[in-house]
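So this first bit is one chain, no partners, the form predicted alone, shown in structure tokens.
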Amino acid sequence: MSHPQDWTLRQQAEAVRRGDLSARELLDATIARIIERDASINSTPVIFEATSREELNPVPPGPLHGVPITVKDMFALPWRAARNGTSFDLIPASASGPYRNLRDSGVVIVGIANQHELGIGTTGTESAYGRMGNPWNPGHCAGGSSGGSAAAVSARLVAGSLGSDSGGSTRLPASYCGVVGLKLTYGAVPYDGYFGAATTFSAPGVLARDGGDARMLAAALLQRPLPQQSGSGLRVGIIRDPFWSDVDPEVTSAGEKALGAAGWHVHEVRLEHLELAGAAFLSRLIAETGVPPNDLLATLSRPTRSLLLAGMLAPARFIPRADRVRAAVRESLAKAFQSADFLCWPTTPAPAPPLDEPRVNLPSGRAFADLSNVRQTLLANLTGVPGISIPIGLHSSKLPIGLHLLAPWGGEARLLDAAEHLERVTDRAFVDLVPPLAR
């Protein structure tokens, strides 16, 4: 019989429901697997061995009754403050809104997922807990800022994890680690006890092995059903420049093959003011991030500290300009969705770079991973719509490649339909790939 940690989230939930496996047995197996495997990737630096066992008495009788997951350090828990990848208690211990929703579904929180410091980074190279490695190659980035969530799911430590996404922080690590990462619609769940409450960009996200697991976890988080429909025959809008053009050729090729296999109706679309979206995103995000107190600032890594201090120099007059651009881009996106069920392009422009040098080679030249990554994902955060990253293959470097889809406001179910359709037509060739660490 296979190890319970190698089962999907759905299989774990069904085994507990049927009595084939007790919630305590599943929790014990999860803790043992994390202790056994996590040293090289540092995905789950805090394990709640005692508290998670206490949570079993009783576990709410929901659809995920007794299933252990990890939670990103951006969410307060009743027994632990949220630290946002730092050594400070930044949000007091409390039952945050996302925690309450998940707890109602019956999940058990087994540990804290590592994350990029203050959520300001897409690589996972900076954290008070230490940097995060990729299960496909621990010397490469797991991604950020929800890198620990993606790496833990990929390495079969847990079947699901709660992340967040302010500029791609769920979708980018999902692409790097070869799992499904779904960013929810902005404001779709209660934001109390969550760092996203301080911004107009951030939304919780779920990371899971495949579309079915992501659907189950997202429905629990949203506390509403996400009914499954056919993902065939959908209309797909693509924007060639820069989302497909300035991308590693192997990544472009994998994306085109995936679209061909899906059989969707593909056409090119144009978004007005897209060239201003990046500047509007950064101007607004810098203003909302602010600068922490000096005692915290002094403990941060040099890259994070430099970004925060540089943000203080941004003129306030940029904010109303950014808001006008944001409104115009939202209007243009709404028009695009009149002729497309979703928009599509590669999630990351290149596979995960080395931890020691997080730069990528693109047709435009060698680039910092952060800048090129956020270019691919910021549109969902600027406009608030949901987005998903779906694994679609391996690069010649033996690192995963992800495909990125955006849907209209509240369109999580549509994105999951597309993900599960792609899984079916490819015989699950990509979602069932197992990284070396999990073999």
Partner chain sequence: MSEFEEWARATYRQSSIEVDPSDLALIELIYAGTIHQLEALDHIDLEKFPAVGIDLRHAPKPS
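Model, not experiment: these values are computed from the prediction. Numbering follows the first chain given and starts at 1.
One more form of this protein exists, namely the form predicted together with the partner chain; it is left out here, but the text below deals with it.
- Leu276 is the sole member of Leu276, Ala336, Leu77, Ala128 with a non-hydrogen atom lying within 4.5 angstroms of the partner chain in the predicted complex.
- A single residue from the set Pro363, Gly187, Pro227, Gly139 has any heavy atom within 4.5 angstroms of the partner chain in the predicted complex; that residue is Gly187.
- Heavy atoms within 4.5 Å of the partner chain in the predicted complex are found in exactly one of 67 to 75, 327 to 335, 256 to 264, 208 to 216, that being 327 to 335.
- Put simply, Arg235 is far from the partner chain in the predicted complex: not one heavy atom of it is within 4.5 Å.
- By the criterion of a heavy atom within 4.5 Å, Gly384 is counted among the residues contacting the partner chain in the predicted complex.
- The partner chain is not drawn, but in the predicted complex it has no heavy atom within 4.5 Å of Asn84.
- In the predicted complex, Leu271 stays away from the partner chain, with no heavy atom inside 4.5 Å.
- Of all the residues from 301 to 336, those having a non-hydrogen atom no more than 4.5 Å from the partner chain in the predicted complex are Arg302, Pro303, Arg305, Ser306, Leu307, Leu309, Ala310, Met312, Leu313, Ala314, Pro315, Arg317, Phe318, Arg321, Ala322, Asp323, Arg324, Val325, Arg326, Ala327, Ala328, Arg330, Glu331, Ala334.
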